[in-house]
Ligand code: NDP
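First comes one chain, alone, set out as C-alpha cells in the form predicted alone.
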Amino acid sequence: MTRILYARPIKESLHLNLKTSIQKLKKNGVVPWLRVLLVGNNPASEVYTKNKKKFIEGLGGKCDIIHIEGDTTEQHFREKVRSLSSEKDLHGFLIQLPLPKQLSHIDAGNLIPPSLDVDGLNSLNMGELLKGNVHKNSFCACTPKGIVTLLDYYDIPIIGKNICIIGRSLIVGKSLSALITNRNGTVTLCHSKTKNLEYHTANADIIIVAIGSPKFLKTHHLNPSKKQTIIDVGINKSQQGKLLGDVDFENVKESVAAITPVPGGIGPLTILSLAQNLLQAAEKTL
C-alpha cells in the first residue's frame, strides 16, 4: 500500500520545540523578527507571505510584510532593501520571489546580508552548502531543508540511494543536489535539456520534481519494481483554482511506495524550515 507523506505530523512534532525555544529567547529579551519584502500584487506571493507571517507569529515570533508597488524602479527597490535590512534587532530578511519583470534580473539573495539570509540564497550561504559546511553560522535553502526533514521523519534513507531531481533552479534543484550529496546520496540533476528523462527516473530510488509543470510526472517515468519515493515540490493552479503538483498524483500513486500530496506535502515544510532558520539567526544574538 502506498504511503502518503503528509507534512502535518512533522509540523506537529516540531512545533512545540520551536515554540518552546522562542519562549526561552523572549525571556532573554530576544523576539525572533522576520521581515518580508513583497513587490507587486502576485496572488500566489501574497498567500505565501501571509502564511509565513501566520506561522511565525503563531510560534511567538514577529513578522512584518512590507509591500511596495510592482512598477517600482530598480534604484528604489535596492534602496528599500538596504534600508529595511539594516534595522536594529532584525534577525531575518527575505525578498518574496518572483520579482516583477523589470527586477527579475537582480540577484535578490545577494542584496541581503548573509546573517539575515534565512532563505539561504546569499552566495556565502550557498558556498557553505556546497562545501558541506551547513552549521550554526550559515543557512540552508528552505525547500531543500524541508525535503530532507520529510525524508528523515519518514525513515526514507538517503545514504547510497539514487536520487533523481527534475528541475535545476537555485531555490530547489541546485541547492537540493548539494544538500543530498552532503548526505551521501547519489544525485542525477535533470532539466529541460536532459535526454531520455525516463532512463534517469526509472533508475532512481527517490524522484523529486520541481519544474512548475502541472501533472508532469506520470507512470511511464517510473519503475514500480524499485518501490520508488516521489517528492512533489510543484504548486500550480488549474483553471478551476485547484492546486496541482508537478506529479500526476492519481496516475502514479498506485505505482510507488511513497508520495507527497499537493497541497499538504512539501509546502508547509518550507515555512517550517524558514522558522527554524529564523530561530537559528535569533539564537546567535544571545
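Just so it is clear, the model here is predicted, and its values are computed rather than measured. From 1 onward, residues are counted along the sequence shown.
From this point on, the text means the form predicted together with the named molecule, which you will not see here.
Not one of 51, 140 and 175 places a heavy atom within 4.5 Å of the named molecule in the model of the complex. The named molecule in the model of the complex is approached by residue 234, whose closest heavy atom lies within 4.5 angstroms of it. Using a 4.5 angstroms threshold between heavy atoms, residue 185 stays clear of the named molecule in the model of the complex. A residue is said to contact a partner when one of its heavy atoms sits within 4.5 Å of a partner heavy atom; residue 109 fails this definition for the named molecule in the model of the complex, lying far away.
Heavy atoms of residue 192 reach within 4.5 Å of the named molecule in the model of the complex, making it an interface residue.
Contact with the named molecule, judged by heavy atoms within 4.5 Å in the model of the complex, is confined among 77-85, 119-127, 101-109, 203-211 to 203-211. Scanning 149, 169, 162, 72 against the named molecule in the model of the complex with a 4.5 Å heavy atom cut-off leaves one residue, 169. Residues 266, 267, 270 are the ones in 249-286 with at least one heavy atom within 4.5 Å of the named molecule in the model of the complex, listed in sequence order.
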